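One chain is shown next in structure tokens, namely the form predicted alone.
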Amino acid sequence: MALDGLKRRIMGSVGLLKGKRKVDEETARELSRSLRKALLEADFNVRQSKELTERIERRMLEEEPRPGVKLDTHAMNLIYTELVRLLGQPREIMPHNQTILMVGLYGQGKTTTTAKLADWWRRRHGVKVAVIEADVHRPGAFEQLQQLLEGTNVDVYGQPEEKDATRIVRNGIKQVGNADVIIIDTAGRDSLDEDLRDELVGIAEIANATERFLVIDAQVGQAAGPVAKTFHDLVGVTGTIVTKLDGTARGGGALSAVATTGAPIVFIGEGEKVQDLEKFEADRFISRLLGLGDIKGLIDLAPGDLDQEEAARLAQRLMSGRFTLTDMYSQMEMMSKIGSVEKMLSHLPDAMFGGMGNMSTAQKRQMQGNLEKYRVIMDSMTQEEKDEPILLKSSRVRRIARGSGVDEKDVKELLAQWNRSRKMMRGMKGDRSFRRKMKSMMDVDDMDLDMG
């Protein structure tokens, strides 16, 4: 999850309220100072940080928590609403009949983001997508785009030997103009020199794009604001895509700076795979940031070929307290389709599954490796053994270890993990809050979850 450092510092700030029943001016001021420091360390603008924390301080003194709500939970709710307000409302984008112009400085990840956006549109809306590569200055740009989109059914048009970008765009529109969505990748420079300005204006006139997206690296921090304004003045940017948000501590600066311009954030990129792009919605992003979860986002991660009936059946089994190795195997297969353990856990509330969302990055990566190893081990088991793990005594453990090429202790570790998971599921059987979340995720009702 991006901005993990900010999350830890916010949690530390809110921790100042634990055990307190009422907020006085000194406590509210201390919370405000701690939060402001957290925001500044995440590269938020000084003025924005000051205004946001002053609003939280004032609301802490003026607004009483709802009956039964603890003071630290009340503070988290205020922080959530103020951060969402700062980052703004989501931009709605029509799924069809779009021509999108991608612009940005050199080295911001524009070509990779073009491929991610094309694949996102194809997967999310099931429409015909085509991409035109109009970067005539960077060798290999066309080949890179082809490679990134290989096997996706996205058409990639380019003329690698042509040096006139406007001619490529004109020819490309004639060639792939029947696509539902056309995305045009353009060249970048270290700065907006006169040649790039003229080239962009010429392409923009030919493309007559319905959307003009600026791609900007989160590493630029607060400088994202002036860059966004410059491109906005040049081509009328309608939205911004912030890339590499998972690899920098300056992401807060980029997000907050762009949010205050006339080019709202429409997508964010976290990761290097073509699938690592998500539509930006401030409420869902901040909910994940604060460890509150994003169940809708988790559903969005699921691929189209995920067996919904099997997912519902597994949910019923988990809630009934019966959890075999067969169920564990199915669970792992679904997780592998959704994505990495780290990505999946970032969408779940931190308190769920015994606080697994609070694991360190290293722990999550170790868990990812274990899941892949466990699947290999279970492939060496009989169906009877997976359905009745109690049968797995020493002789069977030895046979399974030999068959899967691992040590016996690895098989025992798997069985220990299964036993811990089974006990956890039994404990959650009576947890109404968790049941509601499962209902939301799997679209099953409470009666289904009680079925034997």
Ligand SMILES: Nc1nc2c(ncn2[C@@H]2O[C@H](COP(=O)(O)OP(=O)(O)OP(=O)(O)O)[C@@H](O)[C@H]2O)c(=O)[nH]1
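Just so it is clear, the model here is predicted, and its values are computed rather than measured. Start at 1 with the first residue shown and count on from there.
The form predicted together with the ligand exists for this protein as well; it is not shown, and the discussion that follows is about that form.
Asker: Identify whether the ligand in the predicted complex is within 4.5 Å of every residue in the set Asn45, Gln222 and Gly251, based on non-hydrogen atoms.
Answerer: The answer is no: none of the three residues contacts the partner (heavy atom, 4.5 Å cut-off).
Asker: Exactly one residue in Gly158, Gly271, Gly239, Gly291 has a non-hydrogen atom within 4.5 Å of the ligand in the predicted complex; which is it?
Answerer: Exactly one listed residue reaches within 4.5 Å, namely Gly271.
Asker: Would you mind picking the one in Arg212, Lys244, Arg284, His74 that has a heavy atom within 4.5 Å of the ligand in the predicted complex?
Answerer: Contact check passes for Lys244.
Asker: At 4.5 Å between heavy atoms, is Pro264 in contact with the ligand in the predicted complex?
Answerer: Output for Pro264 is no: heavy atoms all beyond 4.5 Å of the ligand.
Asker: Against the ligand in the predicted complex, would Ala207 count as a contact residue? Criterion: heavy atoms within 4.5 Å.
Answerer: Judged by the heavy-atom cut-off of 4.5 Å, Ala207 is well away from the ligand in the predicted complex.
Asker: Might Arg138 be said to contact the ligand in the predicted complex, defining contact as any heavy atom within 4.5 Å?
Answerer: Yes, Arg138 lies within 4.5 Å of the ligand in the predicted complex.
Asker: Going by a heavy atom distance of 4.5 Å, is Thr112 a contact of the ligand in the predicted complex?
Answerer: Yes.
Asker: Hey, of 167 to 175, 371 to 379, 117 to 125, 100 to 108, which bit sits against the ligand in the predicted complex at 4.5 Å between non-hydrogen atoms?
Answerer: Of the options given, it is 100 to 108.
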